[in-house]
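Let's start with one chain on its own, the form predicted alone, as structure tokens.
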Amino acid sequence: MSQISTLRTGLIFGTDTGNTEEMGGKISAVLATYGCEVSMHNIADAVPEIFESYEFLILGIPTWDFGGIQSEWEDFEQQLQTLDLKGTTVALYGLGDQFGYADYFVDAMGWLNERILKTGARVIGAWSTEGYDFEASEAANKDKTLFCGLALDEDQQFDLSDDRINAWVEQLVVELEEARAA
């Protein structure tokens, strides 16, 4: 049994089509194989106390059109900026369309990362950009080798999502265990 099983874990997602929620469910199911029970919340119903009640948070956000932020996450922005997440570990996942919007792929995840870092949270789960075909992304580092979290493309690469989720959750478990051992 992994040490992750002892963490109070929440997954907060925003969704308009249901894809981000569905991917959150898959992430939660894989975490369950490590003994980790995940409570899922829609950002539309979230309050700051939900964020602050977990030791480990997974946050999911889709990118709309030309880098647009999912509306409920955008509505929560002011509250997001008041959160105190010192001592909380956060991992991000984002959905986007790398071919239809190659200049804005998973930009919303980059937007969310920027705001979460200001809360004092420790962000883990950076993900390789290898295997993706995009021009620009606010979620990628300067040399475009890593995203700030798991990038999923349910429009163009839906057949890769399950393998990516499995590998990312395994990575999160390792990163959490290394952090707790340090």
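Sequential numbering from 1, following the sequence displayed. The shown structure was predicted, so the numbers you read here are calculated from the model rather than taken from an experiment.
There is another form of this protein, the form predicted in complex with a small molecule, and it is not shown here; the text below is about that form.
- For the options 55, 155, 45, 114, the one in contact with the small molecule in the predicted complex, meaning a heavy atom within 4.5 Å, is 155.
- Heavy atoms of no residue among 9, 51 and 119 are located within 4.5 Å of the small molecule in the predicted complex.
- In the predicted complex, no heavy atom of residue 73 sits within 4.5 Å of the small molecule.
- Residue 92 falls outside the set of residues with a heavy atom inside 4.5 Å of the small molecule in the predicted complex.
- By the criterion of a heavy atom within 4.5 Å, residue 166 is excluded from the residues contacting the small molecule in the predicted complex.
- Of the heavy atoms in residue 133, none are within 4.5 Å of the small molecule in the predicted complex.
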